[in-house]
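A single chain, nothing else alongside it, follows as structure tokens in the form predicted on its own.
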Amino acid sequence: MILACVLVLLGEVGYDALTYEEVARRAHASKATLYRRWATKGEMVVAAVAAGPASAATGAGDIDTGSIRGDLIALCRRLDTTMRSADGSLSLMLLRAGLEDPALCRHIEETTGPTGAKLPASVLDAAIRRGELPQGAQPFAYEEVAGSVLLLRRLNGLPAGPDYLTYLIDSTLLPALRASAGTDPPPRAIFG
């Protein structure tokens, strides 16, 4: 009940305006109860995301299909599932909160497991070891493009089925990841 109220409020007022007071009022709980469970607003939000949108997609743990293409498909499926398990305003709010507080995004990924928003170092390193990506490949292309495209498709009611994801990965993500080696460090990605 409390975590559901957190998600509703996040969608209504955003991360910055979310308060313990309003969550307590909506959930018919005391602020003391909230503070005992979550020391910070960030922890409360992470718990709500883990119990809500992220729970729909993160049960499988780490991704290792044996190929970068398969890993990217699995990550995009997770991200699409995560985004579609929340309403569009919540997805946009989480994006904005992550841009303003990158530690919040890292904390969500560390707590819930890979949501698909970030390209895990383990996936990138495995692809480099297998020779599928060059040494020095950067996650920026995946983190900037995959999340943005899937969010726009979600907000516009467009599907992101297996054929679409395969095309996105083959035509855009893999070439961009391969081209990222040897370039200057990129700026922080939207979902990075």
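Rigid core here is just the name for the largest C-alpha set that superposes within 1.5 Å across the two forms. For every residue, the number given is its place in the sequence shown, counted from 1. None of the values given here were measured: they were computed from a predicted structure.
The same protein also exists as the form predicted in complex with the DNA; that form is not shown, yet it is the one meant from here on.
Is residue 129 a contact residue for the DNA in the model of the complex, using a 4.5 Å heavy atom cut-off? Residue-level check for residue 129: no, no contact with the DNA.
The DNA contact in the model of the complex: residue 30, any heavy atom under 4.5 Å: Taking the distances in the model of the complex, the answer for residue 30 is yes, it comes within 4.5 Å of the DNA.
When the contact criterion is heavy atoms within 4.5 Å, does residue 170 count as touching the DNA in the model of the complex? So residue 170 does not count as contacting the DNA.
At 4.5 Å between heavy atoms, is residue 180 in contact with the DNA in the model of the complex? No, no contact at 4.5 Å.
Want to guess which of 31 to 39, 137 to 145, 155 to 163, 65 to 73 is within 4.5 Å of the DNA in the model of the complex, heavy atoms only? Among the candidates, contact is made by 31 to 39.
State yes or no: after fitting on the rigid core, is the Cα displacement of residue 68 between the shown form and the other one at least 2 Å? No: residue 68 shifts by under 2 Å between the shown form and the other one.
C-alpha of residue 44 moved at least 2 Å between the shown form and the other one on rigid core: Shift of 2 Å or more: yes.
2 Å or more on the CA of residue 24 between the shown form and the other one, with the rigid core superposed, yes or no? Comparing forms between the shown form and the other one, the residue 24 CA shifts at least 2 Å.
Distance change of 3 Å or more between the C-alpha atoms of residue 74 and residue 44 in the model of the complex: closer or farther compared with this structure? Pair moves farther apart in the model of the complex.
Would one find the Cα atoms of residue 155 and residue 17 closer or farther in the model of the complex than in this form, where their distance changes by 3 Å or more? Relative to the shown form, the pair is closer.
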